[in-house]
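First, one chain by itself in structure tokens, the form predicted on its own.
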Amino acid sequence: MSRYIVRRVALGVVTLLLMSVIVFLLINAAPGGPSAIVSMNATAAQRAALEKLYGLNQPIFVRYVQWLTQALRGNFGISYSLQQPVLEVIGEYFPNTALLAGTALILAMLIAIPLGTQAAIRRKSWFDRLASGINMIGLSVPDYWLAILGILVFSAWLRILPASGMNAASGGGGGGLIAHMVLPVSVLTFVFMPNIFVIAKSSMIEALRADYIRTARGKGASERRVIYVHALRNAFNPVLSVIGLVFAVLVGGDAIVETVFAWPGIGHLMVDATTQRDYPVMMGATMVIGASVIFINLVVDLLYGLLDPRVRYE
């Protein structure tokens, strides 16, 4: 397994390197490019001084090599808008996204896996139709619409939950951290729960049709043991895959939900950095998100072997 981990880490490093090249080129190819941070009302001398200050007067290849050299040392530059080291800025926002993502993912798993399991056991029953109907609504409703609806109902009309921010001091209304988490976590849970439900149900249906299930029943195993020990364990690997994908998306920051609720997460930071043309923050946040996704995928792959002894790493 150690050789497998080394290969995956090496592949992850190559992936991050290629991603950094692509993102750097796209940023410089965007209308205005990094030089757009210089005010259009500035004089030629002022523009030249600012471009020299940020190193924008050098060829793109030279700038990329300089950026990569500093990034390998843990220095992603200084934020144009905040005038802080990029890693410090990301360090302030990333834990907020991790908190939101982790809570939403746990709730989605606690709801979707039991629902999917029971829907598979009770196929074509009223329970299956009801759960599938709720699942279809979750797949169809846009997250921004659900977020706005939640603010309208629970913040504007009922006035029981804060509409934005992370705590009372952020200007999002009364209540502490948990109160501010309720709406964004609920939206993310409802939006991502259907993805887990679909895979959990289909995997469980396939598992219940397998020969080893008939063998277990023939040997007199209780139905509870057949379902929750034999079938569910073997059906969990595909579910684990989609959980890893959902968590990777959430850790990347759901920019729409974080922006609507003014949640100070990595997605909100990326939106602000884009509108303010804060390219060091965009590059740094992209690399941190990419590294997080690669790490999550590696952990999911390793968990396969723990859940299914048939999986071997060569």
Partner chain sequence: MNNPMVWEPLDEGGDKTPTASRVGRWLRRNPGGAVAAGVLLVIYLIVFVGPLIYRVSPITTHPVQALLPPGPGHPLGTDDLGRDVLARLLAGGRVSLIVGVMAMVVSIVVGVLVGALAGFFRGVVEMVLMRVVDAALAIPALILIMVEVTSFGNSPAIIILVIGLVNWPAMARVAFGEVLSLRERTFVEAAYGLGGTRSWILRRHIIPQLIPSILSMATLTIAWSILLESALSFLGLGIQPPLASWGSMLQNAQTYVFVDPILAVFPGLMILITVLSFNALGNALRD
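Residue numbers count along the first chain shown, from 1. Definition used throughout: the rigid core is the maximal C-alpha set that superposes within 1.5 Å between two forms. These figures come from a predicted structure and were not determined experimentally.
One more form of this protein exists, namely the form predicted together with the partner chain; it is left out here, but the text below deals with it.
Of the residues given (Pro114, Pro142, Gly91, Gly102), Pro142 alone sits with a heavy atom within 4.5 Å of the partner chain in the model of the complex.
Only one of Ser241, Ser155, Ser202, Asn96 lies close to the partner chain in the model of the complex, with a heavy atom inside 4.5 Å, and it is Ser155.
Using a 4.5 angstroms threshold between heavy atoms, Arg63 stays clear of the partner chain in the model of the complex. Although the partner is absent here, Leu56 sits far enough away that none of its heavy atoms falls within 4.5 Å of the partner chain in the model of the complex. Interface residue remark: Ile151 is counted as part of the site for the partner chain in the model of the complex, having a heavy atom within 4.5 Å. By the criterion of a heavy atom within 4.5 Å, Val21 is excluded from the residues contacting the partner chain in the model of the complex. In plain terms, the part of the chain that comes close to the partner chain in the model of the complex, with a heavy atom within 4.5 Å, is 155 to 163 out of 103 to 111, 204 to 212, 155 to 163, 218 to 226. For the partner-free chain shown, Met136, Ile137, Leu139 of 116 to 139 come within 4.5 angstroms of the partner chain in the model of the complex, judged by any non-hydrogen atom.
Core-superposed comparison between this form and the one not shown: CA of Pro238 displaced by less than 2 Å.
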